[in-house]
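Given as C-alpha cells, the chain that follows is alone and in the form predicted on its own.
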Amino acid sequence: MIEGRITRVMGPVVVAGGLGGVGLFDVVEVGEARLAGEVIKMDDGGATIQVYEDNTGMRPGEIVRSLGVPLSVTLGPGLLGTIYDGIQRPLERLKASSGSFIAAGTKSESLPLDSVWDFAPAASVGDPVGPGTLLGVVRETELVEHRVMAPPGARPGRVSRIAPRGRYALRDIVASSDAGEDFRLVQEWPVRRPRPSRRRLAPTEPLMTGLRVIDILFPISKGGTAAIPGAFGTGKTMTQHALAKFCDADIIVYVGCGERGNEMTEVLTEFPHLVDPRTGRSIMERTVLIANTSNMPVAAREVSIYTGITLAEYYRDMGYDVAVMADSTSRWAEALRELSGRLEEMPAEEGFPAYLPTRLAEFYERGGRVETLGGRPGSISIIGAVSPPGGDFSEPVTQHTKRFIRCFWGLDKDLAYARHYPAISWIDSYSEYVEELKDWWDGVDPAWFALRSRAMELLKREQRLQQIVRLIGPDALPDEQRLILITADLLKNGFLQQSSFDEVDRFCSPRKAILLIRAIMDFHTRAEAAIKGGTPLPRIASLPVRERLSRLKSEVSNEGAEGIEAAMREVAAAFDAIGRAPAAEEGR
C-alpha cells in the first residue's frame, strides 16, 4: 500500500505528496478518518484527489493511503430494491447502524457478503466459457431473474467445475474454468470504464411510457437517449417519476443527482409503496435508487452518474431493457464546474470546464441497444433532466446535451402554470426516432404516422392562429380556422393532458392512445366536411359528442377500447344527423 501526506486542502479537493506510482483514478483513503477519495490528476508536485465525503477540519500533514484500484462498484444479487449514495454506500443499512446522519469515514459493504442466494446452474462441465457466458441464475426478486455471468475480462476456456443447485454466499465460488479462473456470484467493475459489448443494434422498438404526448408525438426507442429541460416548477422530476413508474423497461435505475432533499425524500418514501401496473407487485423489485442530494459532498455528486450507468450496464449485459433516470445532469455539470474551479482550470462558457461536452458525450454514449458479450440483446435508455437557469434553453448544458441526445422533451412554464400535465411543449420538442419506430407502430395501427403528422400540423397551425386571435379575437376568423382552434383544444385537453392522480388515465396503453387520437381527428374531418356543406360552426361546436370526446380519456380504461369505438360511432351519427337536417329543410 502506497502512503503519502496531504500538502494542500482546497475544499473537497486535496493535494498529497509521496504517492509516486499511484495510478490515475485510483481510490485512496484520505486523512485520519480514512475518507474515500479518487486521484484525478498526477504531476511532479504530487497527486490531486477529490474527496467523496465531508472533509471539514482536514489539515495538511494527514496521511493518504492508496488502495491501488480504480473506483469500482460491487455487482451481484441484492442490488434491486436498495437505496445507495453516489459511491454505492447502502443508505438504509448506514441509517440502521449510525443514525440519520452519515458520519465522515462511515463505511458499509455495498452488498451484504454474508447473504445467501438460491443458485441454479445453467452450464455444465466441459461447456465453453468466456466473457458474458451464462453460468447460472438466481431469483433476485419475484420480477427479476439475476443471471450470473462470467465477467467481461474472463479468459476463454471450458467449465471445469460448476456448483450444484443450492444456497451460496456472494463470495462462494460457483464455477471454475480450465483457464484457471474462479467465478463467484459477485464481481467488481470500474465506474468510469464502459462495459464492453459485441455490437450496436438498431433502435427499432419503442420504450412505452404510458404518456401519450411522448408515445404518440415524440417517441423514444429502447436504447434511446432523451433530455427533459425545463425551468423550476415545470415538472421535470414529476415527469421522470411517471416514466420510472410506468415505462415498460425491465429495470429502472433512478439517480437523484444534486436535487433538493425534499424531492429525493418523496422518491424514497413513495417508490416502495408503488405497484407495478404490469405485474401488480412493488416497483422496488425492479428498481435501484441512487440518492445524492444537494447538501451531500459535491465530488460524490459528480461520480453518482457513473455509478448509476455502471449498474445499468450490468443488468443490460443480462439481456434486460434498462431505463436510467438522471435527475438532473445540470447539477452534475455544476459539480464539474465547482471541482474545475478548485483545480484552477481555465473556464469556458458560464464558468463550466472546457471538457463539459466530452463528459456529457461519454455519459449518453453509454446508452444504446446492443448485442452483449453473451449474445443476448439488451438496452439502456437514458433520460436526463436538465435544469437551465430561468428556463433558458440556450445555456451551455442544454445546448451541449442536444448534441448527444435524439429526443428533446422541452417543458413549457405556461403549460405548467396552467396545470397542463405533462407540460411537454409540442412546439419545442422533437424526436429523431420516428422513422425507426414506424414499422413497430404499423403493427399496432398503420395509421399512426399519418395521425401523428396531422395532429402535429393542427397544433402548429393553432399556435399561429392564436397570435391573430390575441389581436382581433376569434370571431373575426372564418369557420375553417375557428374549427382548428376547437380541434386543437380537444387534442390538448382530451389527448395530451394526463393527470397522474387519475386512476384510469395516469397510464395509457398504445391501443387506447391510437383510438383517442383517431376519434379526435375523425371529428375534425367530419366537421370540415360539414362546414364545406354549409353547416355553421356554432352548431358543430354545440354537439354533445364534442364534450364526450374530451372526457373519453378518463372514462375508458386501457382494456375498454370498445368505449372509444362507440364514441366514434356517436360522432358519425351526429354528423349524419346534421347532414340530413339541411336536406329536410330544403324539402319543406
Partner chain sequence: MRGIEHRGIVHAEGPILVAECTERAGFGELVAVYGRDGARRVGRVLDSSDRSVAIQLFSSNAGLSLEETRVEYLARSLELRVGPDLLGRIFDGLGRPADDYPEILSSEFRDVNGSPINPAARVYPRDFIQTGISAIDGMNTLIRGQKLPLFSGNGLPHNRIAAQITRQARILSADEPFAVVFAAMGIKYDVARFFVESFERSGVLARVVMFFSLADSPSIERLVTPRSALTAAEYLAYERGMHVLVILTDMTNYCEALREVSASRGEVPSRKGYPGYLYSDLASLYERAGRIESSSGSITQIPILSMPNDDITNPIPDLTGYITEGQIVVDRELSQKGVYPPIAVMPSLSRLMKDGIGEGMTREDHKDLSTQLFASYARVRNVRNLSAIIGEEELSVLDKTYLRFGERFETEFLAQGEDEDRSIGETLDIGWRLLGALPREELLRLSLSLIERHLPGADGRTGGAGVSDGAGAAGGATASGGATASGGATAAGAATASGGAMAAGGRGADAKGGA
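Bear in mind that the values here come from a model prediction, so they are computed numbers and not experimental data. Positions refer to the first chain, counted from 1.
The discussion below concerns the form predicted in complex with its partner chain, not included here.
Asker: Can you tell me which of 329-337, 187-195, 165-173, 119-127 lies within 4.5 Å of its partner chain in the predicted bound form, counting heavy atoms only?
Answerer: Comparing against its partner chain in the predicted bound form, the contact stretch is 329-337.
Asker: Would M10 count as a contact of its partner chain in the predicted bound form, using a 4.5 angstroms cut-off between non-hydrogen atoms?
Answerer: Yes, contact at 4.5 Å.
Asker: Taking 4.5 angstroms as the cut-off for heavy atoms, does G68 touch its partner chain in the predicted bound form?
Answerer: No, G68 sits far enough from its partner chain in the predicted bound form that none of its heavy atoms falls within 4.5 Å.
Asker: Decide whether P536 counts as a contact residue for its partner chain in the predicted bound form under a heavy atom distance cut-off of 4.5 Å.
Answerer: Looking in the predicted bound form, residue contacts with its partner chain do not include P536, since no heavy atom lies within 4.5 Å.
Asker: Closest heavy atom of P377 to its partner chain in the predicted bound form, within 4.5 Å or not?
Answerer: The answer is no: P377 has no heavy atom within 4.5 Å of its partner chain.
Asker: Which listed residue (G280, P478, G443, G390) meets the criterion of a heavy atom within 4.5 Å of its partner chain in the predicted bound form?
Answerer: Contact residue from the list: G390.
Asker: Just to confirm, with a 4.5 Å cut-off on non-hydrogen atoms, which of I40, A33, M58, A561 contacts its partner chain in the predicted bound form?
Answerer: Answer to the contact question: M58.
Asker: Has each of P357, S453 and M521 got a heavy atom lying within 4.5 angstroms of its partner chain in the predicted bound form?
Answerer: Not a single listed residue reaches its partner chain in the predicted bound form, so no.
Asker: Mind listing which residues of 453-478 have a heavy atom within 4.5 Å of its partner chain in the predicted bound form?
Answerer: Sequence-ordered list: V469, R470, L471, I472, G473, P474, D475.
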